[in-house]
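A single chain, nothing else alongside it, follows as structure tokens in the form predicted on its own.
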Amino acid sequence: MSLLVAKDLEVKFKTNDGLVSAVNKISFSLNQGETLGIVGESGSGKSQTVLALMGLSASNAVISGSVKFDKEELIGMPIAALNKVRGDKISMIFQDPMTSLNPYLTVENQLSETLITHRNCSKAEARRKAIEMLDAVHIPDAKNRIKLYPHEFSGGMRQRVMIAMALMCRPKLLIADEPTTALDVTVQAQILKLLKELQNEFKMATILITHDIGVVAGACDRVMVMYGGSAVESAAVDDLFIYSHHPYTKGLMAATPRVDIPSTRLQAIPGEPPDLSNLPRGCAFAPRCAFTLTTCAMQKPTLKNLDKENTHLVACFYTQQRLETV
């Protein structure tokens, strides 16, 4: 049974220039212990999708559709009830650990707050569990370093503190929003390995958001590729890398450096991302696509199954037509 089910999730923002369509009727599900990667370039709607289900969208957001977590509807849930879910059953690791951590509070205070709020722990008990969690995320000398302030940690160690904070209550769902963006390649690999270890230990589901399609290769079970606020391809991770079908997904693949291919000039996707306040009538990727059909400019494609198991979905008229003629 699915832990999280999103159906026709839509996020629009009221602005002086009209409505901006950030997320356009996204549907996906996530099982217990599974990792879903959401991939796409900046402005594709990745972060807004998870912020909406967490109830953290900006005040000018208009949200519709359904997101059920453990059979409870999150969209429209009262703030008091939502606060009992956030940080307890659902936790989130934000992009920049330096701005996400309070520079005026010690790591101990910030980690303990979660347990005191959600578990009614005493300060002594919360401190003990906070030290245990810092040990779990491999921060050396946790007993002494818990007394430090965020600026006294390196970027990689601050990210580990953020992970520890998110896991204090052993959530059922962890959302990691670009958790390795500001880190070098070596530390990035360490953080991704750590997340996988902790996921296996705590048996939690994970949503990993990234603009780097290479990151999801060894970290995710399934991948959803987003463009212009919509899902354009969804598949099991191995299936996506072996049989990617959408021109945008193929463009992301071609733009990713590979160690098994001699160094050559990376292929860039021509053009620019769409204006979300003035999306085209048809396919949002059509102006940048080399395989456009007449239908692409007139009608927006929807996700359709490409296999008998209904596990590989693609929203592309060209791909659907090509496979039908094979």
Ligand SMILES: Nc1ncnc2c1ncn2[C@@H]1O[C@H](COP(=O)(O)OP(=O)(O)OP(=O)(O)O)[C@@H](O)[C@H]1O
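A residue's number is simply how far along the shown sequence it sits, counting from 1. As the structure is a prediction and not an experimental result, all values here were calculated from the model.
Omitted here: the form predicted in complex with this ligand. The next part is about that form.
Exactly one of the stretches 293-301, 278-286, 54-62, 24-32 approaches this ligand in the predicted bound form with heavy atoms within 4.5 Å, and it is 54-62. In the predicted bound form, this ligand lies farther than 4.5 Å from every heavy atom of D221.
Although the partner is absent here, E178 lies within 4.5 Å of this ligand in the predicted bound form, judged by heavy atoms. The closest non-hydrogen atom of F13 lies within 4.5 Å of this ligand in the predicted bound form. Taking the partner from the other structure, this ligand in the predicted bound form has no heavy atom within 4.5 Å of any heavy atom of G37.
Shown here without this ligand, the chain has E41, S42, G43, S44, G45, K46, S47, Q48, A58, N60 in 36-73 lying with a heavy atom within 4.5 Å of that partner in the predicted bound form.
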